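One chain is shown next in structure tokens, namely the form predicted alone.
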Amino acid sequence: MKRTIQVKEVPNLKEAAKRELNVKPEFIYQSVEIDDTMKSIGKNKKFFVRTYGCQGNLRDGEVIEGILARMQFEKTEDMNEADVIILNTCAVRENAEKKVFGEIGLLKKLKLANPDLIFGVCGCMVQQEHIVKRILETCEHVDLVFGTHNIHHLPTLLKEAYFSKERVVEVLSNQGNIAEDLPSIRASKTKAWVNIMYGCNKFCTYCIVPYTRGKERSRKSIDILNEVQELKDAGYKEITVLGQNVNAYGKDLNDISFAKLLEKIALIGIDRIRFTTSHPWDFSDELIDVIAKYDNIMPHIHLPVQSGDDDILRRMGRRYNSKTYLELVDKIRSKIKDVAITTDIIVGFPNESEENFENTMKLAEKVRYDGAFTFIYSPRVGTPAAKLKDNVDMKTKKERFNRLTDLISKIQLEIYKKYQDKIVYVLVDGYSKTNDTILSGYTEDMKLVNFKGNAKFIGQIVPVMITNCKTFTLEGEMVETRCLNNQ
């Protein structure tokens, strides 16, 4: 017998696309409310949260974990011993959705073995109508479905799932508010993500994010600066400020620009500051000058181009052309010393011709990216591009994808070889994922370094002499301070 479903709200694409730009978001302080019945519901119970996708999703995952910990649940890395399992999902690529549905299927056996297990699915993927419909129709063992706008409602939603024994669905499609005072379990004790804004108003024709994340809305600068100060006081060495379109910060408020916010963050004195993701359209001269001015703003800029062809860029709705993009790259490089530039590129946008693709190859050769995330176009239901008929077969798309990745890898290796026998400064994250005797971390310009060193330096910034250069990593040995001082 199928369980009843308590549908509080389901996603609506048309509602999600609305933009009332003159309406300010509501700022909700002390946003997480936990009533007496839920304050100790997690005592002697454990939770498991798996997050897919971008840094914004990872930050959401930290908040979800923090809320569960407030209800006295204990975190576990083994889902087999969890009493609450939540999959925090991504909608940007079709492959991510396939992985999630594969995992949902595998988790059915855990629910059968433990009927009291609460199994939830949240995040960007469930902000889509067809996804929620599929979960409700085919995934009877999923107890809880909630979206990106109501994570702070988790205690109430969890209560309803526990005590009503119904399947609970609440996925809001409003333009979004700002929930503050969110608890979290940070993934690291030295590096932290800090949301400064949410949502996107760009509506690139291939992208589902404006629908899943709502309109652009900025946090108040005072709240951001207080969070950064708290992180510095707690000993954090690096922060990455986050937004779906981070350099559009402040446009919706009578506050300050992103450049001025970044400068105020730099003056707090945290060792390393990064930001992502920036849209070329909003990348101002003021921002370039601030990055160049402060040594603790790292010389690495992720600048998604998506295509090097003007016709494809127009059909993507990207608001710039290859000429203006290259001019921006030149301006950045002329002002920011030793800057590294990385990018995102989509291959196989509907009806991409060989000439279109060759223009992307030419742009990649001109820019000489330090790295690139490359993807074969993935249609997203409800976006304008998904309605386009495509006359390019998958074999051709894969062949172009391989040509592009070969070019990017060749250029990247040439750039990495320039680090041979040089000293770089690495913030040590911990042991390498592939070798538990080797330490690993990133340089100022976002190069991954694996090196021999003492574990006592985890969480510190150390000098490393590069002894070997590979396509995606550098290898080296830690330099003793006394040797460094003698150079």
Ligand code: SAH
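Residue indices: 1-based, along the sequence shown. In this text, all values refer to a predicted model and were calculated from it rather than measured experimentally.
The next section is about a form of this same protein that is not shown, the form predicted in complex with the named molecule.
Interface residue among K215, H149, R400, R318 relative to the named molecule in the model of the complex, by the heavy atom within 4.5 Å criterion: R318.
None of I224, A372, L157, C207 but one reaches within 4.5 angstroms of the named molecule in the model of the complex through a heavy atom, and that residue is C207. Contact annotation for P304: at least one heavy atom lies within 4.5 Å of the named molecule in the model of the complex.
Interface membership of S378, defined by any non-hydrogen atom within 4.5 Å of the named molecule in the model of the complex, is confirmed.
In the model of the complex, the named molecule lies farther than 4.5 Å from every heavy atom of T190.
For L313, no non-hydrogen atom is located within 4.5 Å of the named molecule in the model of the complex, even though that partner is not displayed.
The stretch among 342 to 350, 110 to 118, 257 to 265, 173 to 181 whose residues place heavy atoms within 4.5 Å of the named molecule in the model of the complex is 342 to 350. Along 88 to 127, residues V92, R93 each place a heavy atom within 4.5 Å of the named molecule in the model of the complex.
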